[in-house]
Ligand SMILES: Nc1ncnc2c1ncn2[C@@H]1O[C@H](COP(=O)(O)OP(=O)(O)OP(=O)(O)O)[C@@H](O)[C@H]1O
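Just the one chain here, laid out as structure tokens, in the form predicted on its own.
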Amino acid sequence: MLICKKLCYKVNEGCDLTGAFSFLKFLMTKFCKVSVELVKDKLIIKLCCPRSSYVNETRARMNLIDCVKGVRCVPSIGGLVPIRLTYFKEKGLCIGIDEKGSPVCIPIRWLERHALILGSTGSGKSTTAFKMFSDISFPKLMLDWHGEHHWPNKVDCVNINHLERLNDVEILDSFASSLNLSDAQYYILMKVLQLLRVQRKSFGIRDIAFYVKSLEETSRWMRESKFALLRKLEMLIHRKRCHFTITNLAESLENGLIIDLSEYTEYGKRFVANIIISYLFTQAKNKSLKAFIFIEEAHNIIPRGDEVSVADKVFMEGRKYGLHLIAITQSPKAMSQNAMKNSALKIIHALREVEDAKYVAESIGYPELWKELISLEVGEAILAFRRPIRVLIDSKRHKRASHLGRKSIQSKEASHTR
């Protein structure tokens, strides 16, 4: 037997109903039948639930929303727009609302196929990234390039003193991606790693630098390459004493971890990011880890070029091992094409550079969309999975959500794709 009730409300202009719609979707998992109608300032919720407590809790939650006021239900005079609420079997992230005011939710399985968050400075991409990071309930890591995010579990440096836990190829690739090593410098570093494997059980950057310095200079090229490599290694050594080591990573990701890279040099930021991604990739391949990694200023970590970076490899192979990347950048053309091709989901905020907008629009198969990408307002985004839809990520910044209909893409059903 179902207990049915109709709840009616007056909704203030610009009211954020994302949380309310998310709760109604939750009720559908409890075998409730839910229908919602909304137009302008009128909201009607029809509930049929197996327990009256579900109806009572819905009423209580709606009463807590400041911009909603309960009113007496009267016969409809027409004009109400039905809102389809779809229950996703797997837990998803509700990141905003579409032009109808319906919640737009991202199933976790979409993110498992990697994602990009794109947008010019000030477009709202970092807000979107942090919202998603906060809501994901799986092990997660954010590499915070500028140190702008606050989180209970946050560290500002990493002690890279257990490089022996990575294989030589991953270590060499991390150095090469970060320091632009020449062939001679790469060769010297390879020889040093071979020595360290034999003579040391544990080693870090300082040990590598010491062994490079102690190498015999048998030729002029050897001397020049050796000291050039030492200068680069010197820029990676963090002066601050770090208690957090890469071996602490796996256990720290359970409740989410943010690594603040802002105190490192540009070389240092790239190296720490690369070595952490390499370490986690190694752990994932050993089937001891599943995690989501958010990479800010990703064009620095996954640069466009002929070389395949560490993160490139994760974009191409990480999914099958349980490692999933969400790359955030303001410079999509400067980022590796592997990231663009191998990310199933793209959340695109305003791109003020026309060339960037055209490049991204073409990459998702909608070349004419570039005109809309350069005109998006702060907090608006185009969510592209199978089809692009326009989303208001942070409705509190806007007086009205209805303006999303302007230049809107025809996407009535796209936001509800299972």
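These numbers were taken from a predicted model, which means no experiment stands behind them. Note that residue numbering begins at 1 and tracks the sequence as displayed.
One more form of this protein should be noted, the form predicted together with this ligand, which is absent from this view; the next part is about it.
K.L.:
Counting non-hydrogen atoms within 4.5 angstroms of this ligand in the predicted bound form, say which of 393, 47, 360, 376 makes the cut.
P.N.:
Checked against the cut-off, the match is 393.
K.L.:
Could you tell me which one of 318, 256, 101, 124 places a heavy atom within 4.5 Å of this ligand in the predicted bound form?
P.N.:
Here the answer is residue option 124.
K.L.:
Whether residue 185 contacts this ligand in the predicted bound form should be assessed with a 4.5 Å heavy atom distance threshold; does it?
P.N.:
Heavy-atom contact with this ligand at 4.5 Å: absent for residue 185.
K.L.:
Indicate whether this ligand has at least one heavy atom within 4.5 Å of a heavy atom of residue 330 in the predicted bound form.
P.N.:
Residue 330 belongs to the contact set for this ligand.
K.L.:
Can residue 170 be called a contact residue for this ligand in the predicted bound form at 4.5 Å between heavy atoms?
P.N.:
No, residue 170 stays farther than 4.5 Å from this ligand in the predicted bound form.
K.L.:
Just checking whether residue 148 would be counted as a contact of this ligand in the predicted bound form - the rule being heavy atoms within 4.5 angstroms.
P.N.:
Yes, contact at 4.5 Å.
K.L.:
Of 361 to 369, 377 to 385, 54 to 62, 33 to 41, which is the one stretch near this ligand in the predicted bound form, taking non-hydrogen atoms within 4.5 angstroms as near?
P.N.:
This holds for exactly one stretch, 377 to 385.
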